[in-house]
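Only one chain is given next, in structure tokens, and it is the form predicted on its own.
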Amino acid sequence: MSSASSTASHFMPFAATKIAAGVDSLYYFLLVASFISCVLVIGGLIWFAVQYRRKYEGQKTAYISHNTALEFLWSFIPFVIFMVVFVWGWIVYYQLRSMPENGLEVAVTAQKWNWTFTYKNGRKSQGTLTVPIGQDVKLIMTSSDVLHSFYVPAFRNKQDVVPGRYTALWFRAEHEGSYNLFCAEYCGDQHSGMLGKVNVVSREKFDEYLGTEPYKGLTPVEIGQKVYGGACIACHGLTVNDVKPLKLGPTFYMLFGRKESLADGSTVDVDEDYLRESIVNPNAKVVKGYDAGVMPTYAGQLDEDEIMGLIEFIKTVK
């Protein structure tokens, strides 16, 4: 998280957008109003119970006369508070759902269990969305498998990501920093591992980021390590102990070069061709003990440099 977000209280996450601050104001108003109402109702209940308790056997109930003004007030005041909350909530909701006309558009593809971000110039990023500070950003989102939900607590904004259709979400970050991204809709066994980051940077840094090659200056192994952190880490471990039921896929530990037993009873040598096929067509050869259909295809999600880099990284896991 950014240095700015480190000033956040333990009560609520840091508010990185103006809308987030508006959501917090409404929440605090509801909290205070609810607390005052609780004190008045429960406190009044206790006071009446003590004040008018029966002090001796045969005591008659105290006579309390009718008070029209008081009865009107305890009905009208909650009604006014309700209408204030309704209008206030509608304004906040309208701000959340009114998409900017000239915002920076980024395509988002969700799949078990990672996020892929594609910019207008074709640049892709796995697991990390980088945006400039102070600019409207519009996300056009879809899912390639099941229902997901894009949620950044610091933005107080969440939107379901639905297979077969597009949904949209927008924000304008007012503080630089790195903010946590979660999937807020249960999407499978590794749902809790579907994590990401939204990096908010200066305009100069964003222009530099967008204009440079995604993996400029990185070796194939370093490229593969970045791909692993964004696309593979939820299901494939790097140690001998990262196996079922902890992980849904085989561990990468000492994987390259060994002979793997498959679900159909055959065996296969783990070489470059097998690894590439497992990335783009994972159901072609399913490892014994693991379920078919769990791993989605990365054909079209990863380019050739990323696939080759991932293979080279797997070779180094020993």
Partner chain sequence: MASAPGVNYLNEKSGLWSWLTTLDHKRIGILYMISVMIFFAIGGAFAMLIRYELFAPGSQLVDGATYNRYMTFHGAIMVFMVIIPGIPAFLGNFIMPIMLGAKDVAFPRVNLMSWYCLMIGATVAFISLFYNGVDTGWTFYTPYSITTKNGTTWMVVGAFIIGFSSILTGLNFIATVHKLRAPGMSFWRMPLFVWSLYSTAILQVLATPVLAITLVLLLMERLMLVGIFDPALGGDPVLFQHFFWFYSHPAVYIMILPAMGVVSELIATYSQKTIFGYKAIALSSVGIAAVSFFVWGHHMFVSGQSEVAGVVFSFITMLVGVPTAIKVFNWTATLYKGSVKFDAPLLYALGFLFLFTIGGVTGIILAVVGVDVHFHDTYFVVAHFHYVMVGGTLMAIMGGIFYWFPKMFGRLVHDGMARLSFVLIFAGFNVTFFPQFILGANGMPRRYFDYIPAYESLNKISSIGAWTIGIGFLVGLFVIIHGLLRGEKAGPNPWNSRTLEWQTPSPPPHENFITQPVVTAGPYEYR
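In this text, all values refer to a predicted model and were calculated from it rather than measured experimentally. Definition used throughout: the rigid core is the maximal C-alpha set that superposes within 1.5 Å between two forms. Positions refer to the first chain, counted from 1.
What comes next is about the form predicted together with its partner chain, which is not displayed.
*asked:* Looking at 214-222, 201-209, 230-238, 70-78, which stretch has residues with any non-hydrogen atom within 4.5 Å of its partner chain in the predicted bound form?
replied: Checking each option against the 4.5 Å cut-off leaves 70-78.
*Within a 4.5 Å heavy atom cut-off, is Arg54 in contact with its partner chain in the predicted bound form?*
Flag for Arg54 set to yes.
*Ala21 near its partner chain in the predicted bound form, any heavy atom under 4.5 Å?*
Output for Ala21 is no: heavy atoms all beyond 4.5 Å of its partner chain.
*Look up in the predicted bound form whether Thr267 has a non-hydrogen atom within 4.5 angstroms of its partner chain, and give yes or no.*
Residue-level check for Thr267: no, no contact with its partner chain.
*Heavy atom to heavy atom, is Thr167 within 4.5 Å of its partner chain in the predicted bound form?*
So Thr167 counts as contacting its partner chain.
*Only one of Cys38, Val280, Leu262, Ala284 has a non-hydrogen atom within 4.5 angstroms of its partner chain in the predicted bound form; which is it?*
Residue within 4.5 Å of the partner: Cys38.
*Pick from Gln159, Ser178, Gln135, Ser125: which residue has any heavy atom within 4.5 angstroms of its partner chain in the predicted bound form?*
Checking each option against its partner chain in the predicted bound form, the one that comes within 4.5 Å is Gln159.
*Counting only non-hydrogen atoms and a 4.5 Å cut-off, give the residues of 182-199 close to its partner chain in the predicted bound form.*
Phe182, Cys183, Ala184, Glu185, Tyr186, Cys187, Gly188, Asp189, His191, Ser192, Leu195 sit within 4.5 Å of the partner.
_CA of Gly43, rigid core aligned, shift of 2 Å or more between this form and the one not shown_ = Gly43 C-alpha, core-superposed: shift of 2 Å or more.
*Just checking, between this form and the one not shown and with the core aligned, does Tyr52 shift 2 Å or more at the CA?*
Shift of 2 Å or more: yes.
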